[in-house]
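A lone chain, given as structure tokens: the form predicted alone.
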């Protein structure tokens, strides 16, 4: 990491979709309030010029004239410029084209049947699938969105991709469990789960990652929100990651949100091509409890990888001061013994917060990183 800017700031995943985008994607004429919000944000985040025909038609309420493709492009441009303008060093588009992180990848695969809606942790729903045959891939996905952003981005990009372990964990495992002989107890279910996630990794995730890398992706974040829900399967999380990235040349990060990370050690350290772990810390940091103690695990196990340090809580509207962000960064740098290992990000995606709150959290985070650099230099 020698020579690179210290404490680079980055996004983790999603941001909230603006009302004009949500309404337009539904084929609705954006309300006056939604259009006023668009203009308010456009004055702060100049993501599209005044003369752009798509903008002109949208402001007139001519949604059909803009078309779904044009609307999605505007949404992606807004998300990209929003994150760039906030000051982040490493960006994407806030997952503007993605409605959620499970159903879309599963729809690109063969061997699954979507059965019914389930509720995610907030007031969002997605169709849950069942494994009904061998896993295959119709075509690598996320390529169009990455190609669009690659041409538009002014900062380095990091592509978030849902990991094989989470996709398997969130699916019903009918096909692979049915292959197990005898009583379908704990051992049989674990074996079936392993077979499912390995096939997802080999036959769907790895080809998708390779296609993204061939298109120019240099940094890819594997999202595994399910990793902390079954601590006894930490070895399976690692196996899924290793199978997904086998033989590929890129910088890979693993994001695990809201977990007791100590339960995943030391198995997690066997993720061979993982250069960076992005974890949640700020959510658990209180005056009574040090939320950053888990950083000591890396010293305990003599692991020298980078840490994506969660310094802003995505579950509350309370705004962290730049000074608090600075102190959290400096604490991490001290514990890890090398400031070059610290990258700075929210705990998780900021879609749980309004765009106004998320903006304040991001800009304060960027200022806090600047203060930490000044402190290190001084």
Partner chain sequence: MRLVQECRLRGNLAGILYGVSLVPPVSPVHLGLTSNYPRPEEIVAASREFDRGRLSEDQMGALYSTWTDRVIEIETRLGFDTVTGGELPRQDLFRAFSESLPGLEVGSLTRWFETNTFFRQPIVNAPPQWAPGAFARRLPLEKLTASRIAPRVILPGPYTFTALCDNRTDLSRQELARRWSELLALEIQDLSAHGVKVFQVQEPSLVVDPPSVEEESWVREAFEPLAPALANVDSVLWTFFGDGAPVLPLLSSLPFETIGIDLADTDPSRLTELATGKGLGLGCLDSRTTLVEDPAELARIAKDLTQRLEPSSVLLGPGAPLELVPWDVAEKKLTVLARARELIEGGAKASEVPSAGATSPARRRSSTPKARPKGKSAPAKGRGAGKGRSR
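Numbering follows the first chain given and starts at 1. Bear in mind that the values here come from a model prediction, so they are computed numbers and not experimental data.
Keep in mind that the form predicted in complex with the partner chain is missing from the display, and what follows is about it.
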For the chain shown here without its partner, which stretch in 224 to 232, 264 to 272, 205 to 213, 86 to 94 has non-hydrogen atoms within 4.5 angstroms of the partner chain in the predicted complex? 224 to 232
May I ask whether 32, 60 and 62 all come within 4.5 angstroms of the partner chain in the predicted complex, judged by heavy atoms? no
In the predicted complex, is there a heavy atom of the partner chain that lies within 4.5 Å of any heavy atom of residue 148, even though the partner is absent here? no
Distance check, residue 242 to the partner chain in the predicted complex, heavy atom within 4.5 Å: no
Would residue 276 sit within 4.5 Å of the partner chain in the predicted complex, counting heavy atoms only? no
Does the partner chain come within 4.5 Å of any heavy atom of residue 301 in the predicted complex? no
Among 218, 124, 154, 107, just one has a heavy atom within 4.5 Å of the partner chain in the predicted complex, namely 124
Quick one: from 112, 141, 170, 78, grab the residue that has a heavy atom within 4.5 Å of the partner chain in the predicted complex. 170
Who in 130 to 159 is close to the partner chain in the predicted complex, meaning a heavy atom within 4.5 Å? 130
